[in-house]
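As structure tokens, the next two blocks hold two forms of the same chain, structure 1 and structure 2.
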Structure 1
């Protein structure tokens, strides 16, 4: 242990802040770095509240709170891992007083409501956290990169309005999402607001039917509580929760963080464009755009859904497997049969290109196994894959003219691909013929050599 840390331990013993062997064991079991250990030992609040002789279980910090009957938020390991503690802000930062106080200052009792009141009425929490987090000058001392407009955004959110305007303490506030003493940076996998944990943090309330009972959406219908279940099976959920792709959206990417609210119909397309900008631009100039605005439909959600978004595939254009396009066109475009014909054309064209691309991709493997150079053919297959991606994306424009250009390019690539296959097979046949001729010549040579040897043996 560094000399300075030893001096701090000795000072704590002399000042009767470190009195019990169990208390010393708890502090040392944290295995802190020298700098963090010195920070801890300079905080009389922690020293006093880790003394089992001086504290009741309700106020005792311990590494295993359950073993001594302390509340979970008094877990000492969580306290020293808190982002505030690691940046030099300990108990007094929130509770008042100073780390060197040997007695409880009056300020500590005046900082927030009494326990029964503060647990029943949570309206005080956002304002309390905002005392620091809305002060740019103060935050600059600890994390200049952190935004200081969270409270302003929260006040405009549905959570904020429920809590601050309607005094509904069930509404989410800072502690609901970030925790109390064990607050971690959002990049920490153990943080409740880490991307992979956000769905379950939101789901703690929104997936609880009893907790959400009585809440209604803008149309006056009960809020659903199956969003988490649907998200887990969606293309976004599988990417985030199963593959660990933190680039995939979680709840806050679509609804917002501190300004959380349901996307309005007019803004759903803009939310999706955050990631899917290319498809959004194509849809922006399409005939569908005008129809959607006329009928008040949410852009992307109308076809893809919201929380249970499935991976897209070509069958979405097939009337037999997914009548989505056809039902909508029959219901809303009876006077324009070209709508259904266009959807049929898209499906037929893409299916043909996809079949060609798959067949050529199989040829790449077969020809490679024969030892042939397949690099030109592989490049053609890649070009067809790119063509398919573009053609599938162009569906959002619902315009045959642009689509036909890409389709033509795809068919040309397919033609070149089959020519390359034929050339490769021709080369293979040539090699095979040459090999057969060589083997035949070697056999004849062997026979001639054998006969010559027999003739020489007969002479002797």
Structure 2
């Protein structure tokens, strides 16, 4: 143990703040760096509240709270990993008093409501956190890059309105999402607000039917509680939760975080455009845009859904597997049969290109196994893949003109690909013919040699 750390422990023993062997073991088991250990050992709050003789279980910090009957938030191991503690703020930073106080300061009682009262009424929490987090000058000392508008946004959010205006303490506030005593940086994978954990943090309330009972949406319907379940099966959910791709959106990427609210119909398309800007632009200039506005339909959501967005595939354009376009058009665009024909055309074109691309990709594999040069063909297949990607995007313009250009490029690439296949197969036929001729010649030579040997040995 470094000499400085020894001195700290000796001081604590001399000051009768470190009295128990179990208390010493708890503190040492944290295996802190010298600077963190100093911060901890110079904090009388910690020393006193880790003394099992001096504290009741309700106020005793322990590395395994369950073992001593303490509440989970008094986990000492979590406290020392708290983002505030790591930046030098310990108990008194929030609770009041100073780290050198030998007794509970009056300020602590003044600042904190009694336990039953503060647990029943959570309206005080946002304001309490905002004392520091809304103060740019103060926050600059710790993390200049951290925003200080969370409280302002929160007040405008649905959560904020419920809590602050209607005093509904069930509404989410800072602690509901960030936790307490073990608050981590949002970049930490263990933080409840890390992108991969956000769906479960939100789901803790929003997927609980009992908890959400009584809450209604703008139309007055009960709020659904299947969002998490749907999200887990969606293309976004699988990317985020199964593959760990933090580029995929979590709840807050569409709904906001401190300003959380459901995107209204008018803003849904904008939310999707944050990532899918190309398709958004195409939709913007399409005939659908006006029709959707006229009918008050949400743009992307109308076809793709929201929380349960499935991976798109070409069958979405096929009437048999997905009657979406057709039903909608029969109902709302009876006088425009060309719409149906356009959808059919898109489906037929993309299917043809996809089939061609798949067949050519198989050819690359088969010809490579024969030892043929497949580099040009592989480049053509890549070109077709690119064409397909573009054509699938271009259907969002719901117009043939641009699509036809790409389709033409795709067919041209396919034609070139099949020519390359034919050339490669011709080369292979040439090789086989050469082999047959060479083998035939060798067999003839072998037979001649064999006859010569027989004739020679028969003579002798």
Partner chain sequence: MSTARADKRLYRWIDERYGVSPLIEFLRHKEVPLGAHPLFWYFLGGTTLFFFAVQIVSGVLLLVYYQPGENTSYESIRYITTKVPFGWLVRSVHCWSAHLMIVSLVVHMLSTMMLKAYRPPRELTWLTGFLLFNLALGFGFSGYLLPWNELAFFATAVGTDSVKSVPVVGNWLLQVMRGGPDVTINTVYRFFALHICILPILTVGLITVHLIFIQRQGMAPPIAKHVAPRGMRFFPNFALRDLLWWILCLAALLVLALLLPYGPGIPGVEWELGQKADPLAPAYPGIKPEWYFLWIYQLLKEFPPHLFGLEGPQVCLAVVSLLMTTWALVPWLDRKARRDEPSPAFTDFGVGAMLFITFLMLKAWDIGAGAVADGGFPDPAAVARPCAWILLAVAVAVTAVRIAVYRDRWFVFSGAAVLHAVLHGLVGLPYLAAGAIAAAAAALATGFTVARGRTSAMPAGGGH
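Predicted model only: the values in this text are computed from it and were never measured. Under this definition, the rigid core comprises the largest set of C-alpha atoms superposing within 1.5 Å between the forms. Numbering follows the first chain given and starts at 1.
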Exercise for the section: Of these two copies of the chain, point out the form predicted in complex with the partner chain. Expected result: 2
Exercise for the section: Establish whether a shift of 2 Å or more occurs at the C-alpha of residue 24 between structure 1 and structure 2, with the two forms superposed on the rigid core. Expected result: no
Problem - Core-aligned CA displacement of residue 446 at least 2 Å between structure 1 and structure 2 - result: yes
Practice task
Using the rigid core as the frame, report the C-alpha movement of residue 455 between structure 1 and structure 2, one decimal, in Å.
Solution key: 4.9
